[in-house]
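Quick setup: one chain, the form predicted on its own, written in structure tokens, and binding and motion questions come after.
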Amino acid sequence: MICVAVTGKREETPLVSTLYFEWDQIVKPGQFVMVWLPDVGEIPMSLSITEGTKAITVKEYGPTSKALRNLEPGDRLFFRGPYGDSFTPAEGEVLLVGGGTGMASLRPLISLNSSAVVSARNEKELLFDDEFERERIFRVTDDGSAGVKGTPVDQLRSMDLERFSMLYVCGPEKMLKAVHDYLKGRNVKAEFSLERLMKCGIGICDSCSVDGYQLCRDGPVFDIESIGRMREFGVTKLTDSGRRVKI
């Protein structure tokens, strides 16, 4: 278990904060750590900054993430890792497609050659959309308060996707499923970072499995061909108790 001190904190949205810390470790975009707080719990978190000073970006949705958001500079942060596969580097122009806090996993890929479709429920919840040049950012909101009203697929329909050497996608699984189904059969390369319940992070508990793939060991990043072979993807998932339910 690694212990570091929180060196900085930034409020990104009303429910999302970024915590900064020093960690002399090579981490690749898309990899994750298992973050633990004593007497609270442990959850997987992708790093939103992987070079130099590291960072995780946390949305409050349960007791552990709420406790993480309450940390302040000087507080201790415990984690283990890094775990998992990473995004494949690509030359030329790339497109990031992020839904909600899925943008945290994609943030290390932001460069002068990247454009992005950033989606959220409303304008206040858009994440890292201010880090792109004006002509490279395409906003999508459920309520139409910014950019296109609808889903990322509504924006993708108006874009020439074949000009991008790679599409990197991360967000809620229903969104990933919709994007995959739209891209299927098109002349594009794409990689998806999946998010599932994860207890151990090292392939023991099998809570993150999808059609025999373990996200913690075989992923969480998969190419579009692998995603297409997953019959459970976007359809069912496991609960804390191990019961399979519809997504």
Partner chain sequence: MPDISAKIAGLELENPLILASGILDENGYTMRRIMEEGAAAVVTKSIGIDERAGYRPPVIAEVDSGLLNAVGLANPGIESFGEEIEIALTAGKPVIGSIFASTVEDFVNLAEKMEKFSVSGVELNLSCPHVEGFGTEVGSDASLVEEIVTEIKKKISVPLFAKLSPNVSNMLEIAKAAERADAYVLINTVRGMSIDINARKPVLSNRYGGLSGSAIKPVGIRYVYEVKKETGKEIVGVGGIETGYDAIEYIMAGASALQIGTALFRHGRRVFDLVNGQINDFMAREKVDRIDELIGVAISG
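Residue numbers count along the first chain shown, from 1. Predicted, not measured: the structure shown is a model, and the values here were computed from it.
Just so you know, the form predicted in complex with the partner chain exists too; it's not on screen, but the next bit is about it.
Using a 4.5 angstroms limit between non-hydrogen atoms, Arg217 touches the partner chain in the predicted bound form. Put simply, Asp206 is close to the partner chain in the predicted bound form: some heavy atom of it is within 4.5 Å. Proximity of Phe128 to the partner chain in the predicted bound form: non-hydrogen atoms within 4.5 Å are absent; the residue sits far from the partner. The partner chain is not shown here, and in the predicted bound form it never comes within 4.5 Å of any heavy atom of Gly62. Using a 4.5 Å cut-off to the partner chain in the predicted bound form, each of Arg76, Glu232 and Gly242 places a heavy atom inside that distance. Checking Phe164, Phe132, Phe87, Tyr83 against the partner chain in the predicted bound form, a heavy atom within 4.5 Å turns up for just one residue: Tyr83. The stretch among 187-195, 53-61, 174-182, 37-45 whose residues place heavy atoms within 4.5 Å of the partner chain in the predicted bound form is 37-45.
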